[in-house]
Structures are given as structure tokens and as C-alpha cells.
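Just one chain is shown here, as C-alpha cells, and it is the form predicted alone.
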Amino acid sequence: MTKLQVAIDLLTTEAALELAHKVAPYVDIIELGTPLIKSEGLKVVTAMKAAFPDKLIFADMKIADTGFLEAEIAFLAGADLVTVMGAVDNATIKGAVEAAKKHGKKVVVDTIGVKNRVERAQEVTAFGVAFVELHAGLDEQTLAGYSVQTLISEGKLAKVPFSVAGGVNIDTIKDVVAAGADVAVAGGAIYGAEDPAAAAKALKEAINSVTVA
């Protein structure tokens, strides 16, 4: 069953916790976005794990160097999953995976900036990452012609464990699930909604309604 991940791109611990309390009944993974971590530091990771010990806490660290060190810092703060950039040297990804194994946690590779996402997803999966996030950032999503369907198609082609992030909403989430995604990541579709809890509930119900062959 595809997991639902909420990406929290707010800027304070208080706002993040407030949103998380509203949507926690409907999500499997709580992601603390890069702007939030840069604004508040890893204390927000610790606070979120303390508030929701039964949820997977995803620290979107976007690690670009010193893979072992930066991953370990996040794991010690309470993160269950951390991101490493797919465009960096293989040694950085392998270092993060080593830290994950040491702490019983997991690494996700983020494909922002990767030119051939399918090929790179297959390469990094061999290093022992949990899954690959086929990801179009907020800037890329504003470009003319962008469609989340591109990421969905790449997930099908890659044939590795993957998530989709970048325009996942109530209109597209069934396609994400049908493509076999391990995780569907929704950010603005939840935190930008008038009623975030209702939005998260609707997304979860949509996931549960899809039968994957």
C-alpha cells in the first residue's frame, strides 16, 4: 500500500506541530521541509518525533557532502529518514547509507537537478537506499509545460522503490498509486488547503480506493 507523506514547508516549529496534529491521523510519514529545518534547526525534528513517536519522521536535509556526518546528525535528532541529493558523488550517498545502517534508519535519494532520473534511480538503489524520490522542486513546478505525469512515468520505467513529489494532489494521487509508488508526497495540497485535515483525509481515502495489479 502506498504511504502518504505530508511535506511541511512552513517556517516555525509551532506552525509545523500545529499542522501535524491536524493531519497525523491520515498520514504515514511527516516530512520536515528544507526551509523549515534551515529556519529552526534540527530541534524541529526532535520536537516532531517527540510529539509523534508512532510516525516516520522524514528530515529533508538535502545532503550534498559529508554524507555520514550529516545523516548521523539528523538521525541522532530523531529522524527516521533523511534525504541525500542524487546529483552528488556516490561516496556521499554511500556514507549516508552507512550512517543509516549504524542507527537502524533509512536514506532517501532526492532527484532534484538530476538529468536522467530513471538511470540515476537505478544506480543509487544498488547502494541500499530505502527509495528514490522522483522530485520536481517548487521552482521547477512553476515552469511552463511542467507535469507531475513525467515523474509518474519515470517511476514506472525505473522499476525501483520510489516516491513522487511535485504536484501531487487529489487529481493526480490515484495515478501515483497506480504507477506503483511506495510513497506519495503531498505538500501544498495539504498545508495550503483551507482545511488541511480534510485534504489529508481525502488523499488517504483516494490512495485506499486504488487497486494496484
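Given the structure is predicted, the values throughout are model-derived calculations rather than measurements. Heads up: residue numbers just count along the shown sequence, starting at 1.
Omitted here: the form predicted together with a small molecule. The next part is about that form.
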Among Ala130, Ile112, Ile73, Val88, which has any heavy atom within 4.5 Å of the small molecule in the predicted bound form?
Ile112
State the residue from Ile173, Ala181, Ile57, Val185 whose non-hydrogen atoms include one within 4.5 Å of the small molecule in the predicted bound form.
Val185
Counting heavy atoms only and using a 4.5 Å cut-off, do Asp9, His135 and Val168 all touch the small molecule in the predicted bound form?
yes
Thinking of the small molecule in the predicted bound form, which stretch from 121-129, 101-109, 88-96, 136-144 has heavy atoms inside 4.5 Å of it?
136-144
Given that the partner is absent here, does Lys49 sit within 4.5 Å of the small molecule in the predicted bound form, heavy atoms only?
no
